[in-house]
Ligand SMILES: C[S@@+](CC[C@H](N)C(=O)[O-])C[C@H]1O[C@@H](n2cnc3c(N)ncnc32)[C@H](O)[C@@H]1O
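The chain that follows stands alone, in the form predicted alone, written as structure tokens.
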């Protein structure tokens, strides 16, 4: 995973790494929420999905838009748990193909739909969704103000936006960015070219787009064990992973886990949850 097109283009990046990511990050392809700290990654990633769902409160008659749906596991969970209809969008054809393949023939097939989509310009009518769900995808979107504006535009009266993601703990001065340059380049190489913002930024953008923030919560501590579980997956699934990545890629993944732990512990990066309603 060298710094090439796949590191700068989110679609190309996920097209390249999705097969390996299932072994490294688990089926949910996102961080875990650890209530106790000793949970498995599978338990913790489902807990984060449920935590988001508690904020979203979808109902059986709701239309939900999953922005940056990955391979569709959270969308399928929402459909299964609440009976709502979910449309998932992603710029990655590999992710969309995988999401569709997993859903075809399942009891959820009539409730979930997946299609290629750009969060910066979503082709849906104003006020067409009851819930907009943005789970760990906003960090890869270059224009987060546009994302928040589009998400607010799509909400029906009484609708709700829920968002969670890796975030800056505070705005960084130029010299601090320079000091962490090599670490950020490694993260871009492994996870794609990201530009993080603070939780306060997302809350401000929600308010600027006519939404009322209902919850803004820092869950950095609860997500911290994720990196240990990723390493365990990498060690346990090394043989399968190396059919998709080479040894250098895997070494970079291990190194990135150490970088992220340092950023979590040093107050550089963390994880936030946001809920805002119209």
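Residue numbers count along the first chain shown, from 1. Fair warning: this is a prediction, and the values are worked out from it, not measured in the lab.
Unshown form predicted in complex with this ligand; subsequent notes refer to it.
Participant: Just one of 190, 141, 154, 84 has a heavy atom within 4.5 angstroms of this ligand in the model of the complex, so which one?
Facilitator: Of the candidates 190, 141, 154, 84, 141 is the one lying within 4.5 Å of this ligand in the model of the complex.
Participant: Answer with one of 95, 79, 167, 206: the residue that has a non-hydrogen atom within 4.5 Å of this ligand in the model of the complex.
Facilitator: Looking at the other structure, the residue within range turns out to be 95.
Participant: Please determine whether residue 103 contacts this ligand in the model of the complex, using a 4.5 Å cut-off between heavy atoms.
Facilitator: Judged by the heavy-atom cut-off of 4.5 Å, residue 103 is well away from this ligand in the model of the complex.
Participant: Consider residue 30 of the chain shown here, and say whether it contacts this ligand in the model of the complex, taking contact as heavy atoms within 4.5 Å.
Facilitator: It does: once this ligand is placed as it appears in the model of the complex, residue 30 has a heavy atom within 4.5 Å of it.
Participant: Using a 4.5 Å heavy atom cut-off, state whether residue 68 contacts this ligand in the model of the complex.
Facilitator: Answer yes; at least one heavy atom of residue 68 falls within 4.5 Å of this ligand in the model of the complex.
Participant: Is residue 197 close enough to this ligand in the model of the complex to count, meaning some heavy atom within 4.5 Å?
Facilitator: No - in the model of the complex, heavy atoms of residue 197 and this ligand never come within 4.5 Å of each other.
Participant: Looking at 242 to 250, 22 to 30, 56 to 64, 207 to 215, which lies within 4.5 angstroms of this ligand in the model of the complex, counting heavy atoms?
Facilitator: Only one stretch qualifies here: 22 to 30.
Participant: Determine the residues of 74 to 98 with a heavy atom within 4.5 Å of this ligand in the model of the complex and present them in sequence order; the list may be empty.
Facilitator: The stretch 74 to 98, when checked against this ligand in the model of the complex, contributes 74, 89, 90, 91, 92, 95 at the 4.5 Å heavy-atom cut-off.
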